[in-house]
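In the form predicted alone, a lone chain appears below as structure tokens.
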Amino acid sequence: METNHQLLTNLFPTIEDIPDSVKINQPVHQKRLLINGELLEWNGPTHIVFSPIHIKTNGGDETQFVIGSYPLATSKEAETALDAAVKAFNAGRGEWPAMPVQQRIKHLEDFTYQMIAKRSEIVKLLIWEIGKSTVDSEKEFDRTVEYIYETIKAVKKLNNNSSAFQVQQSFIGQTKKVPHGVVLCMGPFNYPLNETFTTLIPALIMGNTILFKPPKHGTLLFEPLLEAFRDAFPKGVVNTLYGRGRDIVPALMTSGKIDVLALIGSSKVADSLKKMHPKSNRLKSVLGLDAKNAAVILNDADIELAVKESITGALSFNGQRCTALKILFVQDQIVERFNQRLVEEIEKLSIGMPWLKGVNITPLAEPEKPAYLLESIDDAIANGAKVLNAHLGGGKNHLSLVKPAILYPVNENMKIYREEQFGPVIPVVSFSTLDIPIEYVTTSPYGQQVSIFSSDAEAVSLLVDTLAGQVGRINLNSQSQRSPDTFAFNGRKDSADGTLSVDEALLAFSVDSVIATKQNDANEQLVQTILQHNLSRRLSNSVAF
């Protein structure tokens, strides 16, 4: 009989095991930087990209698959890209920020058309770069395209609503949204395409110019889009930054020329970058940061539903989601039964390579993550917890594969009680009274979401009213999540700065511009003349159809 370790070992494929539909026949060695509308050849040092998927050789060894490489540019290239973005914005007078919304929409539609043609390439790179399942990689791509189209609809509505003039207290006025300036966009590895585009696309459509740095893991998947960015937008509007963040980002921030920092990542990174900017009052921040989302499962909860939603919430894409459920508070009368069902259902999950049908757990993208998770498990055991599914291999790993572990009972002395694990480890805390999970959420440095499982209207109302001031979203009898994109996506405390939904993202990357005059015949005639002869790009009543 095979041991749990052997079972994990046997999951990695040989080259012959890989379906043709997902094979990367040639490594993607990126040699180009998009700066100021040109794809510049790069002859400097590069970073080799290894897949978290290991390949078995004929000798039985396992080696990481080389996907390709990308440029390790320096602050010199970053500053050149910054200058291009500043020039393209030109204090709001550049071609792109001054362009009517209708025309910007056409450029974005052209880009999307070219992007869709690259679907297969991008999906393959998502699979190989971050170990995301084929189904989820396809979903990420398709959801991103849908997000772009929803953004176009929203910007048309926003523009149409703001085209009207208001008459108030003997004043005539018109308020429109105008861009901030140069936006530095940095996305996360777990949703490198979708999450990056949830800031890049609204920033772009509102007329800002972009400096775009792909995440460390999930970089090459943007290579197929470089030509689309170049061809669809005017020079300098979209510029790519490649290299180590510590080598290129500080020079950008200390220049004071970045107007908006759009970052989805770590709160520590966000804090350090914001402090680098010499004009902090001018810097607009749009941030999606850390989270330690809790589920609160009451005695009267539907256990089957709570188990199902908890597993999906905690382990979708291996738990590598900011919206994942990262700690479960289960009331004492049902905790034993809940844990038993949790073990039984987790054992049904499929572990393996991303292209396998129905796979649930895949290789982890971050090379250092398995060691961190095992360290967290050992720390929990040392402080009184058990791995409830240890007899089934829970918490075991082989290279980048980690079998989900359920830790119980978890207490405040364990690092996993507060630290965001961002991986397939589920800590369970037993509680008797509601003040325990309430105190946890209230004292947490993070405040993204919480999930409540109960049919008790009074208890649910108490939790909702108590926690509404602590988190951005409360989920009733369902996992924490971002969807739908039309709902506000935000957080409290160290979890976010700003709100990202389709509509509100447009507001986050723009600022009100008001033109007002006293209502009299001369001023009315002046405004009417400007409108009739289309003399002003800003003062107009044009709408987006």
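Not measured: the values here are computed from a predicted model. When you see a residue number, it is the position in the sequence shown, counting from 1.
One more form of this protein exists, namely the form predicted together with glyceraldehyde-3-phosphate; it is left out here, but the text below deals with it.
Query raised in the report: Are any of the heavy atoms in S483 no more than 4.5 Å from a heavy atom of glyceraldehyde-3-phosphate in the predicted complex?
Result: The answer is yes: S483 has a heavy atom within 4.5 Å of glyceraldehyde-3-phosphate.
Requested in this report: With heavy atoms only and a cut-off of 4.5 Å, decide whether C322 touches glyceraldehyde-3-phosphate in the predicted complex.
Outcome: So C322 counts as contacting glyceraldehyde-3-phosphate.
Query raised in the report: Contact between E195 and glyceraldehyde-3-phosphate in the predicted complex at 4.5 Å, heavy atoms?
Result: E195 belongs to the contact set for glyceraldehyde-3-phosphate.
Report task. Considering only heavy atoms, tell me if S310 and glyceraldehyde-3-phosphate come within 4.5 Å of each other in the predicted complex. Result -> Although glyceraldehyde-3-phosphate is absent here, S310 would stay clear of it in the predicted complex, with no heavy atoms inside 4.5 Å.
Requested in this report: Please name which of the stretches 314 to 322, 463 to 471, 83 to 91, 435 to 443 has residues with heavy atoms lying within 4.5 Å of glyceraldehyde-3-phosphate in the predicted complex.
Outcome: Stretch with heavy atoms near the partner: 314 to 322.
Query raised in the report: Which pick from S137, N190, T199, T209 sits with a heavy atom within 4.5 Å of glyceraldehyde-3-phosphate in the predicted complex?
Result: None of the other options qualify; the answer is N190.
Query raised in the report: Of K213, K284, R230, R143, which residue is found within 4.5 angstroms of glyceraldehyde-3-phosphate in the predicted complex when only non-hydrogen atoms are counted?
Result: Looking at the other structure, the residue within range turns out to be R143.
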